[in-house]
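Structure 1 and structure 2 below are two forms of the same protein chain, each written out on its own as structure tokens.
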Structure 1
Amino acid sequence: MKKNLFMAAFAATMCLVLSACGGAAEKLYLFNWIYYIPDDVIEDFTKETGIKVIVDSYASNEEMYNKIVAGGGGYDIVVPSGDYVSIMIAEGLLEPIDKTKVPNFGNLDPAAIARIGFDAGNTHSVPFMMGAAGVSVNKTKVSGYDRSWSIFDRSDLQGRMTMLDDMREVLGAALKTLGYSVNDPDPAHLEQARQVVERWKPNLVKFDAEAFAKSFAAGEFWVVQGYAENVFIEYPEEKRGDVDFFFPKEGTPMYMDSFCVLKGSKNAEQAYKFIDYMLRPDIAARVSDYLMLPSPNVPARALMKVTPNYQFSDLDRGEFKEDLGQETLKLYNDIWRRIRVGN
């Protein structure tokens, strides 16, 4: 009896200790883009809350989606782009968002939210970052170029250029080159876009969504399609002036990446704490400074210490990637397969 009383008292004491430490036994599983949140921000979240964050990363929406659909990971939070938010809502893969548990949602720019068509009213997603992939050029190696997707037509740069291993980004670039929407469903237009990419392909080393930034920083590649945040994080600070990053004049696919809670999350309460923490102005400013990107978090803008690589106004010719629907997505996938592996 005394032993049982002792064990009960010990258990109660341990519960109090864990509670006082912010719930040190709690965990959260985050599936996120490579490079997206600095380690010290996640470490500080754990210090404040006691919630340990286990992070896994992906390089494309397709990679993320395929893993989730296959049942892998056991994640709580995922950070898809808008088109995949729509897809995952339709397939019942996401929990509805309880905004009462995200009081910092009000910090988000209403103008940015107004552009969202993929999840009107943000019923299943909480905006995190908005931007676009562009083109980075090593100005010490390349000159006399137009700030256009046509740079990938240059055979004199063969073997020194890469484009993303991302169907929507590459086909979107080709569609914009032709004057079409990045969400164009017309088979004839998509065939034209395929021919544009096939024209670019001999000049490319590869399609690469993972190591392009490291290879560009190392001088292996001179022209890459990709995200400014990836390139400048890898590039030596004292040499960043050698890089010309631009959004091609024809326009570019845009993204809005959002926090989503996966259906059946075992740590939903911890997920809400993390999402709200990420929308706190001081934390949002740290993330934007790290990525060198403009912040969709209005009060965070006054706290930023780093000048972003571009402003939202630079995205005026950008266009959000939207859910294509099953039939059109099949068409895109077939076009992309033909590009990647041949007819």
Structure 2
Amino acid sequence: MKKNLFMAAFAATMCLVLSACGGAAEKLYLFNWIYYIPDDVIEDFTKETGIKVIVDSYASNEEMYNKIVAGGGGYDIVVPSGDYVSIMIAEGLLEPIDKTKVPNFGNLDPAAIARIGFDAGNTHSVPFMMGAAGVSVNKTKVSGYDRSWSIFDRSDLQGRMTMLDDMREVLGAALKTLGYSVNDPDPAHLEQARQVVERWKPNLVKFDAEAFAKSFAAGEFWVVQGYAENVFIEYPEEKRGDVDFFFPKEGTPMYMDSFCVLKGSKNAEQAYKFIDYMLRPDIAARVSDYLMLPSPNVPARALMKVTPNYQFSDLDRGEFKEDLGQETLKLYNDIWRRIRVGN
């Protein structure tokens, strides 16, 4: 998941301002994705428990990871995506999770948990939200399309389509188009995937993970690959009906962001209280309403007031992005560089 960097900087400043006031005895340091948990949810946690939460935000897993590895922060909780959960477990950066301290863990959808490969059995992570990048189509401009990745083959939409500037998402889409796994390590399959992306590339305006949502909202781009929460945060609500957001039928790379307790956390007890609070049905429903995303929290689904931008069942053909390992990652990097640079 990748969020807008400029907003991140702004929100980070706001967090500093907000954290300057108040003064409870118990504290909790949370390092979270930008715009992931609404402020009032965190304020209510402080009201209920008296634990003051100091929030810092990041816009990408890499940013979070680099800061933690560099020894920065002193945070208690981080919210990495699946591939980074396994990386951080391997690097010994995470504390094992004591599930007896998270009684609400049982609220999570067993079907969703069963698909987790990055931390099978959830020894070090507690799932928070899951989703995937899909394709958004401006229906007032584009018609007669198949809900498939092949929409990027349409040369009549040349100059009106973007894909994410994200190797895993774009290569993942190509791999799924070919019927392979989004974590496929086979060089021959990756070469085929590269050719698929090269076929799409002339029809794309650009690879963009920062500004595409604004331009999509302005009618500038008509077909964009992106996360629903990023696309719709920019989109005027009254024109929401003009947009068809779908997950291509071939399947998509999926993310799962999970709460993890960092090794050496000084406030582990408070961290467990916070994680359990976030898994409470009413709280999970508020978060999902805010993000307009379906909840992996089963009892929360009935409590939601907003219709999410897609349903959980839509993710049936999705596949979690797993850590590729050094050798395969290098292969992906090389192929992506060739695509980006143009041979």
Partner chain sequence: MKRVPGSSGAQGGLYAAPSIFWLSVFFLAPLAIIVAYSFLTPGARGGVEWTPTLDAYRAIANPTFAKVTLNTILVAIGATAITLLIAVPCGYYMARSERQTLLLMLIMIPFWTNFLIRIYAWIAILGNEGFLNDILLATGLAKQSVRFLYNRGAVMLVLVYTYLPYAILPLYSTIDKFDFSLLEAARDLGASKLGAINKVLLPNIKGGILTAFLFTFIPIFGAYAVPLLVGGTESYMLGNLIADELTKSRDWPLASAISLVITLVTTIGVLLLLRANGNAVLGGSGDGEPAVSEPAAAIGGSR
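Structure 1's sequence is the ruler for residue numbers, which start at 1. The model shown is predicted, which means the values in this text are computed figures rather than measured ones.
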For this pair of chain forms, which number matches the form predicted together with the partner chain? 2
Where is the hinge, among Tyr255, Tyr84, Asp208, Ile97, for the turn of one rigid part against another between structure 1 and structure 2? Tyr255
Determine the rotation of the smaller rigid body against the larger one between structure 1 and structure 2 and give it in °. 20
